[in-house]
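Presented below, as structure tokens, is a lone chain in the form predicted on its own.
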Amino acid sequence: MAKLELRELGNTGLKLSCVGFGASPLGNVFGTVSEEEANASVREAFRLGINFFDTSPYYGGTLSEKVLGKALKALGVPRDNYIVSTKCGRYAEGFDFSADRVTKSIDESLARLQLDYVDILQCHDIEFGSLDQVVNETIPALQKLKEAGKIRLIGITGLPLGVFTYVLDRVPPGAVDVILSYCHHSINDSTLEDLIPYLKSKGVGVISASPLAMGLLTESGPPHWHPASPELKSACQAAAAYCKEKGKNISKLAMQYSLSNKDVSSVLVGMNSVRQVEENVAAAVELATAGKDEETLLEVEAILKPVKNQTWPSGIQQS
């Protein structure tokens, strides 16, 4: 089988697999995942060429980090064979971007992950904190962790794209290595593309998460708490039904749409089973060898055109 493509992450020198393993489902966020299933998923992902694993202390109230840590340890391979990203600032008990909290946070995360360092530490969902605190206090604290060798790279994540420019315009060049954006590089919302030239000019690597728009671009549809408008939900439902009628799968189409932009280093997608891992890797390999299904994509884009780039406000919590 063709190997998964590796892509440069900005100016960092790291090469990420174009498909990244989102480990939030390992925290039982979308239903229970057994330890065996978690280990098997991570093992299969690594075997098929996925080298990038992303988690957060927030996912499953620290469970995701613990489960991922065990699964990576069970691989029994040298530490430099995989890239681990975790987050700080968002926890089950709330948000805290203070220097003190994020400094403690990395030690807690490293213990749960059973690692000496993480490759990327990202400030998690910064729109919920004070952006000026992130600029003046959080990122300087993370720079000290970098000097101490506990982290290699510093990142920021959030839903509104404006948070990235706000922070990057106010920190010294090179202070932030990577951004993680979600739900803005999928068939129904491609607004991240407008920001890419700016991010490149800042030398920042780009990771895009949630190519399926948190479940909108799936046959089964989004979870009940999904914050999209009724119009957006029904348009996505119609697009999914159209694909199914044609014998196509909207999730595969969505994944390939997101993967086809080479300026995005990795498309991060939550996975909780060997089957999901295999489907995502197969979509990437098929894209690399045969290209994407332009005809179906055009039809789906036409269905979604009335709701294109319609986003939702941050802050709607899963319940």
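Owing to the predicted nature of the structure, the values given are computational and were not obtained by experimental measurement. The first residue of the sequence shown is number 1, and the count goes up from there.
A second form of this protein, the form predicted together with a small molecule, is not displayed here; the remarks below concern that form.
Participant: Do G10 and the small molecule share at least one heavy atom pair within 4.5 Å in the model of the complex?
Facilitator: Contact with the small molecule, no.
Participant: Please run the contact check for G215 against the small molecule in the model of the complex: heavy atoms, 4.5 angstroms, yes or no?
Facilitator: Flag for G215 set to yes.
Participant: With the partner left out here, check for me: in the model of the complex, does some heavy atom of S41 sit within 4.5 Å of the small molecule?
Facilitator: No, S41 is distant from the partner.
Participant: Does N51 reach the small molecule in the model of the complex, with heavy atoms at most 4.5 Å apart?
Facilitator: No - in the model of the complex, heavy atoms of N51 and the small molecule never come within 4.5 Å of each other.
Participant: Name the residue from E286, D293, E279, E37 that puts a heavy atom within 4.5 Å of the small molecule in the model of the complex.
Facilitator: Selected option: E279.
Participant: Exactly one residue in A45, V67, L259, V269 has a non-hydrogen atom within 4.5 Å of the small molecule in the model of the complex; which is it?
Facilitator: The residue from A45, V67, L259, V269 that makes the contact is V269.
Participant: Heavy atoms within 4.5 Å of the small molecule in the model of the complex: which of the stretches 139 to 147, 169 to 177, 197 to 205, 124 to 132 has them?
Facilitator: Within 4.5 Å of the partner lies stretch 124 to 132.
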